[in-house]
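Only one chain is shown below, in structure tokens, and it's the form predicted on its own.
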């Protein structure tokens, strides 16, 4: 993988350098090598000579699309590198009118599956790491849209397509997408609990939440200009991190992204308290699929989310 990563990094840097030098874009979102072998955090560059900062490997896990919100009022064109899951965030922002499609240059990259840094046992010595659970459950390993690509990746909106491009063999070998069928397993396990057991389960999760809002801040679907949880108006929301107020936050957040969640799993990955946030998201995804038919958010820009449009044959048992 090291040789493949080096070639992709070189290709990434060359393209970014050309885009900035030509003036086609004003800035480029990508990843850079961090202070540890297992860290490849986001970077934003604006000059051709900064292109050498870019890096791509199996730790470039951050979904960068939410960072584009800093440019939603700008007329500057920005380039962004995206993996398959990230690209669904671009569709999310375009559908929500938070991003003008013509103001972003989307560059698709092949994804080898991202390593789980939680399994690191030696911070000084590189080691083989298992994949993140979200990569094992991934159904869109290839970009669903892109203006350009690197590494020979294929752009497709086909669900469950095989990984493509330079990292395809590595992705298959590591098991990317091998547990797609299990993505609702946790929801089903929780639904089998008795009401008291379910209440105790979520009470325990709500007691852990510290209201850091990392889940909200990383989410491309949480893109409101003003969030109710930032409001300082009295009697709107309580900012104290009590189990009751945390439950209100968690349910409000989940309902807010219902039918819009692109399943990138970033909310759960960045949660410092290991709260199973995707279980709640997937509960709503499953319910909406049952009510309105199968739907994958953030795949086709022309398709309206099930709760974003009205049809005469919509189910109305709840009315």
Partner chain sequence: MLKAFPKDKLTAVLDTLAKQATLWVPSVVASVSRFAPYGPDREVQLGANTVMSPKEALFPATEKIYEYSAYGIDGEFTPVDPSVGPQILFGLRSCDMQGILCLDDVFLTRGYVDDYYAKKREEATLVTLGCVTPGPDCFCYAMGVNPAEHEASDAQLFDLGDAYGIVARTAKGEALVSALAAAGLLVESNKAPLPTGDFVLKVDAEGITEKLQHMFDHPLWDAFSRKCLNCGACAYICPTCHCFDISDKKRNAHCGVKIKCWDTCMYAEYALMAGGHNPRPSKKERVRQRFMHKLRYFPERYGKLQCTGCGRCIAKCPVNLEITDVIQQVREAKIDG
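Predicted, not measured: the structure shown is a model, and the values here were computed from it. Positions refer to the first chain, counted from 1.
Missing here is the form predicted in complex with its partner chain; even so, the following discussion is about that form.
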86-94, 174-182, 103-111, 205-213: which one contacts its partner chain in the model of the complex at 4.5 Å, heavy atom to heavy atom?
205-213
Contact check in the model of the complex: 73, 248 and 253 versus its partner chain, with a cutoff of 4.5 Å between any heavy atoms. Do all three pass?
no
Partner proximity in the model of the complex: residue 230 to its partner chain, non-hydrogen atom cutoff 4.5 Å
yes
Any of the heavy atoms of residue 189 lying within 4.5 Å of its partner chain in the model of the complex?
no
Tell me, yes or no, whether residue 38 is in contact with its partner chain in the model of the complex, where a contact means a heavy atom of each within 4.5 Å.
yes
Is there any non-hydrogen atom of residue 272 lying within 4.5 Å of its partner chain in the model of the complex?
yes
Partner-free chain; cross-checking its partner chain in the model of the complex, the single residue of 286, 48, 42, 259 with a heavy atom within 4.5 Å is 42
126, 240, 224, 119: which sits within 4.5 Å of its partner chain in the model of the complex by any heavy atom?
240
Which residues within 10-30 place at least one heavy atom within 4.5 Å of its partner chain in the model of the complex?
29
